[in-house]
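As structure tokens, one chain now follows by itself in the form predicted alone.
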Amino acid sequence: MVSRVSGDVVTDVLRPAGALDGWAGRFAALPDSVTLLAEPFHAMVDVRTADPAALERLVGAPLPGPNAWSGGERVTAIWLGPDEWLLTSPFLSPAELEGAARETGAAALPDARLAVVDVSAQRTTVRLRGAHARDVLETGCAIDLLPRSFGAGSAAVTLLGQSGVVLLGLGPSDYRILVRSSFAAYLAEWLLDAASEWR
């Protein structure tokens, strides 16, 4: 909570808190070949629609197909199923992202099925990168993470350790992991333990 003073009035402003706030010191102790970072709060909206093209203007890029993600400057879209995408943004508030998705979809599809749900509190975002990032993931993830199979732009809903995650390939040895907030501490401990092999 942050207190702000304006004239004689003091107001308290709530700041979104992440499930991994306070872990930076432990993450910083990792070897140079593995970097782990709890990313700032991301707004997240689940969208189901029969016509994904309607949302491309909001995303700033074509919506991705199976096992992929795409994005523009402010919004990322992750394919979750045949008619379902997860929109994320570190720049927009949850209300702004949800409102923009509703307005964009409704304007283009006045008679079509469209469901938009704010799920921002559901997941925490973790960034894993470094020369041994893939090695760390491979100790607890069954999918093929070789670059030819899981490169930049790839996405998968999978298990990492015992946590269900959404895994995004950002580039060589660079990954973004979306994990349910209730599993964030478990996953952080798991990643720290798996990375300790590379000290």
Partner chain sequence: MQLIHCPWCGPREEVEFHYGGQAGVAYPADPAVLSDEEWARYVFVRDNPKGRFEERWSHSAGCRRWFTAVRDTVTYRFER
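Numbering follows the first chain given and starts at 1. If you're wondering where the values come from, they're calculated on a predicted model, not measured in any experiment.
Below: the form predicted together with its partner chain, not depicted.
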Should residue 83 be classed as touching its partner chain in the predicted bound form when contacts are defined as heavy atoms within 4.5 Å? yes
Would you please decide whether residue 33 lies within 4.5 angstroms of its partner chain in the predicted bound form, comparing each non-hydrogen atom pair? no
Does any heavy atom of residue 158 come within 4.5 Å of a heavy atom of its partner chain in the predicted bound form? yes
Within a 4.5 Å heavy atom cut-off, is residue 139 in contact with its partner chain in the predicted bound form? no
With the distance limit set at 4.5 angstroms and only heavy atoms considered, check whether 18, 102 and 119 all reach its partner chain in the predicted bound form. no
37, 170, 143, 131 - the one with a heavy atom within 4.5 Å of its partner chain in the predicted bound form: 143
Assert contact_stretch over 37 to 45, 23 to 31, 170 to 178, 61 to 69 against its partner chain in the predicted bound form, heavy atom within 4.5 Å, equals 61 to 69
Can you name the residues of 174 to 191 that have a non-hydrogen atom within 4.5 angstroms of its partner chain in the predicted bound form? none
